[in-house]
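First, one chain by itself: the form predicted alone, in structure tokens.
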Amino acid sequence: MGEALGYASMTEIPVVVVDAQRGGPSTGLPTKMEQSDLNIAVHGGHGDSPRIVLAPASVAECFHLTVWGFNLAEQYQSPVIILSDYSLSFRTETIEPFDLAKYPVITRAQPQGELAPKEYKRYKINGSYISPMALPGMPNAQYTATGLEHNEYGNPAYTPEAHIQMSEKRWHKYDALRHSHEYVRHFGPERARVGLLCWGTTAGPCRGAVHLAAQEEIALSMLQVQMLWPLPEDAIVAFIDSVDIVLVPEVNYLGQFAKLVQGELGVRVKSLTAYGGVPFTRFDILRKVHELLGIAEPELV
């Protein structure tokens, strides 16, 4: 499967993959949840194989982010991974009816006008780094979709210059997403002592902890990151700057998202992990907040 994702990255073919995570490695905990596929979703593959990774936190977000996953795959001509988990796959949840009119349909960029023979450049370098992708049967728009490195026409090219040019093309087309504030959700006060930086289904207990903290007059805020790759860097940095301590709760052993944020942004965060195959409770997270703030633990019921 990693080989196919690498091929889609190289050929810039839209594809959407759903990964409903469970406890691992191997067959691991087939009926328990975990958030431990983040590393392979973001980095899995040989070579530098770019992709987009989205993480829903609820049944409604499964629908919303899957729709946007297809839109992003078409817009950026990219593989997109929807990183769900076992608890979402088997959850029963009441949601409001979807207003489908609010969901635009984004289609891939296509060649405009008639093409002369041998004119079409499938991987043309332009300002957006996203090249027109011909539909099957378009006159004079044939090209080779090879896993080999290629030139603008799609023909194999092994020179250092070609690999540098195409590598930069494949990565720079995501620049707008790194600066986007669209795929994050903020809860709680604008400024706080502690900020929870979370993703996936851990957002639920984090919101519960924010609610409990407000009842105790503790300034606790939260940023749910829906796009894990490319990281929405501007939004995350702004959130980190608004709090004194950043806590990253996630259900895996390694603290994968905490390490990803630290490695990409060069910041220090506190990691809180659970790896028993079950999600956090809101009390688990609030206890850690109390610990970070040096607050004596009250009786939680």
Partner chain sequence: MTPTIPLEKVTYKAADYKTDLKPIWCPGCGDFAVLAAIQQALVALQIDPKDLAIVSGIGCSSRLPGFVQAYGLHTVHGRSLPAATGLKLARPDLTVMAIGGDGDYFSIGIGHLPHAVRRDVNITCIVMDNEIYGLTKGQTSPTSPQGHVTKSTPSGNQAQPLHPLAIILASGASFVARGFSSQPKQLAEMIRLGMQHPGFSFIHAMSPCVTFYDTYKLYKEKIYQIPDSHDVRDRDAAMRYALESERMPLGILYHEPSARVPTSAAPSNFNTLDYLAHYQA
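What you see is a predicted model; the values in this text were computed from it and never measured. Numbering follows the first chain given and starts at 1.
Not pictured, yet referred to below: the form predicted in complex with its partner chain.
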Counting any non-hydrogen atom inside 4.5 Å, which residue from N126, T159, T146, T107 sits next to its partner chain in the predicted complex?
T146
Heavy atom within 4.5 Å of its partner chain in the predicted complex - residue from V16, V278, I13, L293:
I13
Using heavy atoms and a 4.5 Å limit, would one call H179 a contact residue for its partner chain in the predicted complex?
no
Is K118 near its partner chain? Define near as a heavy atom within 4.5 Å, in the predicted complex.
yes
Is S87 close enough to touch its partner chain in the predicted complex, meaning at least one heavy atom pair within 4.5 Å?
no
Using heavy atoms and a 4.5 Å limit, would one call G113 a contact residue for its partner chain in the predicted complex?
no
Quick one: which of 137-145, 216-224, 183-191, 197-205 gets within 4.5 Å of its partner chain in the predicted complex, going by heavy atoms?
137-145
Along 76-111, which positions have a non-hydrogen atom within 4.5 Å of its partner chain in the predicted complex?
P97, F98, D99, L100
